[in-house]
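Presented below, as structure tokens, is a lone chain in the form predicted alone.
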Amino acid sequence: MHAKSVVNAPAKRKRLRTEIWKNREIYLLILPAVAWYIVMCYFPMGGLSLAFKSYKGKLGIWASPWTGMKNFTSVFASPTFSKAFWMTIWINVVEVVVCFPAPIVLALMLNELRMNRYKKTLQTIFTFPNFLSWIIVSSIIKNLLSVDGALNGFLATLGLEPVSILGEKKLFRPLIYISGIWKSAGWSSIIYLATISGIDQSQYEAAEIDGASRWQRLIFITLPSLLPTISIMFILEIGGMMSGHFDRIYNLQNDIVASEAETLALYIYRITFERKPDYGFSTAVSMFCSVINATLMIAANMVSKKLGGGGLIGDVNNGH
């Protein structure tokens, strides 16, 4: 079998070259995207070697001396890193539990509307915040909720005492979750609405003839049809747990609530740009986050497949 495969190898390569030449226009179209990924995503990965080096500006990345696992030893011995790590885990676990179902629920609610014009208007309203940067969103929130903001101005007209929502540590995390839902739920719901629109309508017609209520049709037809999409989105969400939400937290935080928002993404930013830079240390933290993200994504993929929801990695490998 081995000898036969060796003999067939030149023939396979020839067929591959023939197919590439036959579809050369398509390959030319994707060439800029491939070149972009190589230059912007793969070449910079060489900088990960800084995690195992002591960076010297005069020597550059490649000539800086190797230090082995010294940077990782310093990372794991740092109490600040440990606090940021567990803060990241806690914030993102709650994020998955609270925020991840929001676009699914929104999509199901929009799908149940029968007034198309009203439905499209709501979709536009819910989708619009996604196109605002977190700088703009945080400015809106601060203008509304600050001590001299619109909310306290309204309370003053009623003769009530002002409230300091942005300066209250217990309220900062709920503010993160609520603002995240407001900004992204409408946009994410489009994916689920697209999946719902592809469901065979004969299933609903048959269920209606059999006497199924709208709630029963939603539970037994719509949700099972959404499960593969939910599984993929869940895997992607889990795969970015350790490095996400930097823009949101960075722009909404202030000195009073900073201790409630020191995630790893913010921690990497601070040790790189706000303190004496130690690029080897910060690169080690970043690499650690990437390894954890990859591990979580693989684990979420395996769990999803075990539960029958399909997977992302396995489906790609199987060509589905």
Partner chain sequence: MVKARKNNLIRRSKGDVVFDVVNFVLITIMTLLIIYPIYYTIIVSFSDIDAVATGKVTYRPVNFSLEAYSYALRQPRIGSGYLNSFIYTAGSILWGLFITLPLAYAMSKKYLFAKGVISWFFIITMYFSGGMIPCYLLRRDLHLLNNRLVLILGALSTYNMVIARTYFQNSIPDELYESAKCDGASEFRCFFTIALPLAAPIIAVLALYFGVAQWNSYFHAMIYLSSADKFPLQLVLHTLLNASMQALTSAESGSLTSGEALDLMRQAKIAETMKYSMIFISSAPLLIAYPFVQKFFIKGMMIGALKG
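Positions refer to the first chain, counted from 1. Here the rigid core means the biggest group of C-alpha atoms that line up within 1.5 Å when the two forms are laid on top of each other. Since the structure is predicted, the reported quantities are computational estimates derived from the model, not experimental observations.
The same protein also exists as the form predicted in complex with its partner chain; that form is not shown, yet it is the one meant from here on.
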State yes only if every one of Ile125, Thr283 and Met297 has a non-hydrogen atom within 4.5 Å of its partner chain in the model of the complex; otherwise state no.
yes
To test your reading of this chain, name the stretch in 79-87, 169-177, 134-142, 92-100 whose heavy atoms come within 4.5 Å of its partner chain in the model of the complex.
134-142
Phe52, heavy atom within 4.5 angstroms of its partner chain in the model of the complex
no
Asp210 within 4.5 Å of its partner chain in the model of the complex, heavy atoms:
no
Partner proximity in the model of the complex: Asp200 to its partner chain, non-hydrogen atom cutoff 4.5 Å
no
Can you check whether Ser259 is within 4.5 Å of its partner chain in the model of the complex, heavy atom basis?
no
Just to be sure I understand the contacts: of Ile104, Ile165, Ile191, Leu223, which is the one whose heavy atoms reach within 4.5 angstroms of its partner chain in the model of the complex?
Ile191
Contacts from 238-270 to its partner chain in the model of the complex (any heavy atom within 4.5 Å), listed N to C, are Phe246, Asp247, Tyr250, Asn251, Ile268, Tyr269
Core fit, then Asn254 C-alpha moves 2 Å or more between this form and the one not shown
no
